[in-house]
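Listed next as structure tokens is one chain, alone, in the form predicted on its own.
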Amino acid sequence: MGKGNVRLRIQILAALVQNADFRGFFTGRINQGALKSVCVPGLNCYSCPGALGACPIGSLQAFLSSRPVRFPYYVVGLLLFFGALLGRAVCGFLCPFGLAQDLLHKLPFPRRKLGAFPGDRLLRKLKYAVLLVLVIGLPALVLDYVPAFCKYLCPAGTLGGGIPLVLLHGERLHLSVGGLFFWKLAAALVILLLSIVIFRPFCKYLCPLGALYGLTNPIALYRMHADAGRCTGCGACARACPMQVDPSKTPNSPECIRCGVCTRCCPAQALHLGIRSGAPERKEMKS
């Protein structure tokens, strides 16, 4: 079995485990079990009817918007734990919405790498603005703040919860289907359609959870190891990377989701993903 297929199977399994309350899709009720007090590692909406756990971004906003403001020790602790252990491998392996984008990108469609797009670098900073403003800043500073990221922007809840509930229970929920739902639906559809052409546009430009985990990539236990002695400077890894990272220069870039494409295409086998310690690694290799 190819390593790419292994990753896909892990993604599917992770999505199913995080949304294993299948009864919720048929009853239209949100799970309120004890596990709902536990944050899952990826972006998976609390309000999705199948969700067994809580979304870390939603939980972070809930803590910060409480009055008086309570520091979210539990949520921050879990985020630091997942980040220190896996970094953005959470995005590459455990995030259900990441899986949705990956599957759409597999559809046959003419595309080009966004690395050539002049606004790409600037747009990638947008996810940090979303994190600092919508997720952290406004909840902590604005009285009676609503979770704006979840309510107005996040497509995970729309895809996993809003759309299935309206399709299965539209008659019962018709009073709650209004302008906000159609706004969220339009935003989700734009992101999903872009995913056909662009590899993971939400992860690259908007996801605050990816921004958080990206900051831990350089220190994560599961990381990219680059063997400078083996590298021939052919550039195959940089050309193959769907996130437009050059592993030969920044093997643990905040943008790397640990998908492993570069390790499979390297003819010199100079790249390795894992927990292995003591591997020859430096930020720049031979050119």
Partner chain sequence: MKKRGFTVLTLVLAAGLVITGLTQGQAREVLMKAVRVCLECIGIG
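Numbering follows the first chain given and starts at 1. Treat the numbers as computed from the prediction; the structure is a model and nothing was measured.
Same protein, other form: the form predicted in complex with its partner chain, not shown, and the subject of what follows.
Asks: Looking in the predicted bound form, is its partner chain within 4.5 Å of a heavy atom from each of 117, 194 and 196?
Replies: The answer is no; none of 117, 194 and 196 reaches its partner chain.
Asks: May I ask you to state whether residue 145 is within 4.5 Å of its partner chain in the predicted bound form, using heavy atom distances?
Replies: So residue 145 counts as contacting its partner chain.
Asks: Report whether the minimum heavy atom distance between residue 150 and its partner chain in the predicted bound form is within 4.5 Å.
Replies: Answer yes; at least one heavy atom of residue 150 falls within 4.5 Å of its partner chain in the predicted bound form.
Asks: Against its partner chain in the predicted bound form, would residue 232 count as a contact residue? Criterion: heavy atoms within 4.5 Å.
Replies: Residue 232: no contact with its partner chain in the predicted bound form.
Asks: Residue-level question: is residue 248 within 4.5 Å of its partner chain in the predicted bound form, judged on heavy atoms?
Replies: Judged by the heavy-atom cut-off of 4.5 Å, residue 248 is well away from its partner chain in the predicted bound form.
Asks: Within 4.5 Å of its partner chain in the predicted bound form, heavy atoms considered, which of 187, 78, 99, 140?
Replies: Partner contact (heavy atom, 4.5 Å) among the options: 78.
Asks: To test your reading of this chain, name the stretch in 154 to 162, 122 to 130, 90 to 98, 205 to 213 whose heavy atoms come within 4.5 Å of its partner chain in the predicted bound form.
Replies: Result for this chain: 154 to 162.
Asks: Residue by residue through 8 to 37, tell me which have a non-hydrogen atom within 4.5 angstroms of its partner chain in the predicted bound form.
Replies: Residues within 4.5 Å: 30, 31, 32, 33, 34, 36, 37.
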